[in-house]
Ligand SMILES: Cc1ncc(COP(=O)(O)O)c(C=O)c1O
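Form predicted alone, single chain, as structure tokens, below.
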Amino acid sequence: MGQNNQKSSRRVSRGPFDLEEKEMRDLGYKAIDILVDRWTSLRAQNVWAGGTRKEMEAIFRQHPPERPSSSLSVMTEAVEQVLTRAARIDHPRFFAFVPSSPTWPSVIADALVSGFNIFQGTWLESAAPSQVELVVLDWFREWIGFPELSGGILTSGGSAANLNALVVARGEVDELDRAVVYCSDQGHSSLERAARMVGIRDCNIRIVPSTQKYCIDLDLLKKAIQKDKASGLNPKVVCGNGGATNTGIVDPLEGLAEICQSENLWFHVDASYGGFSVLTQEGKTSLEGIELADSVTLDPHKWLFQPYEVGCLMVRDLQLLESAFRVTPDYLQDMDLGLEHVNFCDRGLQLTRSARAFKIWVSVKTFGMKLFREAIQNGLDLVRDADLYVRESDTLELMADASLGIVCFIVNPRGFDLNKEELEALNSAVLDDIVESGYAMISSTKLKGQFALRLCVMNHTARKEDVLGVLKTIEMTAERLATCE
């Protein structure tokens, strides 16, 4: 009788969203089976799947149910209907935009963080996760060559890191009417957006033209700074590319640092895409001068093979970062445990934040840095193979030298003598054909006003046959479409 009462008591004490232990385990095992099946069959799947807004509306536009359903059936339906109708960004032939191809331990680590429901805004509520973030940030600091008193914070991505950087760099708010920010025309759109968000007037955001090699023109930058000073404006920040999203090109960072030092400007390097290539000798050479920056943006969910979302802002003077964001309301007075106990809410926008460093820490401890270096070098090597293939092709034409995992080119079949409009139409048609086929995914951009195709190779599972196979498919598609027209 006593046992029955105890069991009855346990049932009554369950919350409205509690599942029975067996259902919890079944749901978890089913989720792992789904993920493992996806990962082990990824190469055989189509790279892209999607649909129109009208098609998605027809599937998903429903009123929320009033009654519960089986958790297993809901998850199965959700996976089949939702998660499979998206680009497979970690596919070995996904070469569009800037891919993410995480490691399996980092995926599981991310799931564990969600399951433990970690709040890592303050040390009091997350001592060990906060210490892990400090350790990971120290790794990053050493890799980019920042001094010991530097520090940073993990963010949702490069856009958030760039925003935080400009908050630190802008200085006193009452000077913003005259403050000027300088970016290359190859800079990421988040830099211009961040400048607006911190209060820089649109008319004071300078987009400096790039050279024929697509890096910022130092002479034009100097002239723009002098012109603004003569006009009574206050040049404030220069943003350099540590691997431009369009081409992978790295700006002359040492030259930018010299200008910023002589003019007393804040020097920010957006290395969201290319920054972790410093782990290879080739990347380190390309990014010489990054150690001279006042702040650097990095994205571990790109070339450090982590799942979304995790970006990073590193700042040379940690005190400036903390003074820009620290606020001490009464309801957080219990969080003041002394300066040695870091509250990460004092380093950025978020009070509520997840333990983003945990997955990085787990994956690095699992595989070791040698394998990470080799995986990054693999991307650099594959893009060089692509560059050589394009140069030797009768159908493809190089638009920019391969750099940090990116190569840009056009299809321009020999003997067809296509004008600019015809070339753009053909390249656009080739792009659409490749993506819709599901075999691979590439993207496009514009370089000096000309439409170009773009391959970005960052996936640690990509092989030479994947890259060359895609280029050969592009050639055949271009010749077929050009002949039909």
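Note that residue numbering begins at 1 and tracks the sequence as displayed. Only a predicted model underlies this, so the values are computations on that prediction, with no experimental measurement involved.
In what follows, reference is made to the form predicted in complex with this ligand, a form of this protein that is not presented.
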Checking Arg316, Arg141, His91, His188 against this ligand in the predicted complex, the residue with a non-hydrogen atom inside 4.5 angstroms turns out to be His188
Only hit among Ser277, Ser184, Asn162, Thr247 for heavy atom within 4.5 Å of this ligand in the predicted complex is Asn162
Quiz item: Could you tell me if Asp299 has a non-hydrogen atom within 4.5 Å of this ligand in the predicted complex?
Solution: yes
| Does Gly158 reach this ligand in the predicted complex if we count a contact as any heavy atom within 4.5 Å? | yes
Checklist entry - Could you tell me if Phe95 has a non-hydrogen atom within 4.5 Å of this ligand in the predicted complex? => result no
> Wondering, does Ser295 line up within 4.5 Å of this ligand in the predicted complex on heavy atoms?
Replying inline: no
The stretch from 225 to 233, 266 to 274, 362 to 370, 389 to 397 that lies within 4.5 Å of this ligand in the predicted complex, judged by heavy atoms, is 266 to 274
